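Single chain ahead, written as structure tokens, the form predicted alone.
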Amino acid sequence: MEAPFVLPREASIEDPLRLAVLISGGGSGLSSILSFQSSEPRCHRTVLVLADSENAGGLEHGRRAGITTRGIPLLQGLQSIERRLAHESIILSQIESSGAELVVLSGYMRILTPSFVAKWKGRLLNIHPSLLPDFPGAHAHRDVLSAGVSTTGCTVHLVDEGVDTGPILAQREVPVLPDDDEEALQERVKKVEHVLYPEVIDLLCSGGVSLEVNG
């Protein structure tokens, strides 16, 4: 039986929820979250930034903000599943040591194992660059353009044991323009992501999300 969803506690400005943000690349989404948190008092604060590479450019955003920041590459010399589990064990240890209460995936390109998800289910958040359930997976923009649809967007959802299949918390539409290529579409969707994601994090941390989900 799959683990149930357990939402984070209702936080306040006086007692903000502690966030761990996981990234893989340049960290533009992380930057938007940190900017949102620093613009005025919020009911959440980022206490940890982790990347799946020591060379991820986005780590610099965490360092500049004075946040505990670390790149954790995959361990070599192990079989595939053993390597994934060993990698996640290090990540879990870092998250638990930080006291984080919500794990925010922001451009994190690794699929988490069911055992990881089970520990954080309901407190594990992701943003995906399409209007789920349409176009899940790692190549959403390519798939959107191949399908010839006129509208795409982004989706904030809780993570479950599947791939981009968890409960949807919010979506926002973005038009697909006739001359779009993957890069142009990605940049336009990102601008919307950078507004939507911090807003939904704020809503979730303040107790504004409720789920009728059975585990």
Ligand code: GAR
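Residue indices: 1-based, along the sequence shown. Bear in mind the structure is a predicted one, so any value in this text is a computation, not a measurement.
Below: the form predicted together with the named molecule, not depicted.
Asker: The named molecule in the predicted complex: within 4.5 Å of a heavy atom of each of 109, 127 and 193?
Answerer: Checking in the predicted complex: 109, 127 and 193 are all within 4.5 Å of the named molecule.
Asker: What stretch, of 63 to 71, 43 to 51, 25 to 33, 169 to 177, brings heavy atoms to within 4.5 Å of the named molecule in the predicted complex?
Answerer: So the stretch in question is 25 to 33.
Asker: Could you confirm whether residue 137 comes within 4.5 Å of the named molecule in the predicted complex, counting heavy atoms only?
Answerer: Result yes; residue 137 sits at the interface with the named molecule in the predicted complex.
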